[in-house]
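Just one chain is shown here, as structure tokens, and it is the form predicted on its own.
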């Protein structure tokens, strides 16, 4: 009998141990289910500082909001020559976005670049770009389409040509620019051990994709806002214009003067462009397959191109869609006495009947003095926009 009791006691202890073990096991499982999983990294929203008098309607897609981390990544990619899909080569023989968009030249090439004499851009294949490089300035305020002919626009039925993100992708893949492929560009960037963490902070995971590359660079480009020139400070009452600068402003802003304001705006259009497209009387022969007509099919758009912003215009040569004029003096001489009539001339070219503005040399210099007031030195040297 004693033996049976001893056995029963041992059995009870054993069962208790088993019960406690399984109870603790299930407790751990339940506890694990209650512990919150770590949240993915949330990028920090970036609030773009909009200069005084500028429009507040911004071209920022819902699927690519500005973030601190996205902009930092985009800035690094903008200056990284490996975006062109090559590694191990002399960086000077490769290309980045900054190869053709230099900060000190208003994010254009300029006319004195040793790689591109005269400012005529070409890609890694040696093929020249069809049109001159446009400045990457104040693009976040543009809702009228991009490029000289506006072929990249919001409602374009071609899903690959709607916004800045698509322009970035086009630049990476185009034969007359970087001539890369998605696989080459991604592989080249994967050689940098810093990128996985940067992509994770910007987009939630460390994966490098073309979609993320174009979105990050587009974010950085949207922060390239110029709005602190002498003229801006004059409008805010912080600085005064010289008599010649003021007279140049009057010439710029009146039909009796230089009649520039219709296409480039004035105090009422602080971007100094309407972002619209005009035939400005350069020629009466229209054989460019990529003018505005190629986009709209509207006969009135033969020979029409975007009126670019005049902000930082004094450092933005070469000028016109084809880079024909290398200096601002050549541009002003053309508008002063070189206009060519055609049936497609913009009706806003009010001086066409007399061949141009017909200003005196003194007035031309006054107009130049005003254009100098549109130079934003802070923007051209801002370390936030420079190579990291």
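If you're wondering where the values come from, they're calculated on a predicted model, not measured in any experiment. Residue numbers count along the first chain shown, from 1.
Heads up, the form predicted in complex with a small molecule isn't pictured, but that's what we're talking about next.
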| query | finding |
| --- | --- |
| Region of this chain that lies against the small molecule in the predicted bound form, out of 153-161, 235-243, 173-181, 187-195 [heavy atom, 4.5 Å] | 173-181 |
| Non-hydrogen atom within 4.5 Å of the small molecule in the predicted bound form for each of 43, 58 and 216 | no |
| Contact residue in the predicted bound form, chosen from 86, 300, 147, 286 - any heavy atom within 4.5 Å of the small molecule | 147 |
| Contact assignment for the small molecule in the predicted bound form, among 271, 295, 210, 313, heavy atom within 4.5 Å | 313 |
| Any non-hydrogen atom of residue 129 within 4.5 angstroms of the small molecule in the predicted bound form | yes |
| Proximity of residue 280 to the small molecule in the predicted bound form, heavy atoms at 4.5 Å | yes |
| Contact flag, residue 223 vs the small molecule in the predicted bound form, heavy atom cut 4.5 Å | no |
| Residue 230, heavy atom within 4.5 angstroms of the small molecule in the predicted bound form | no |
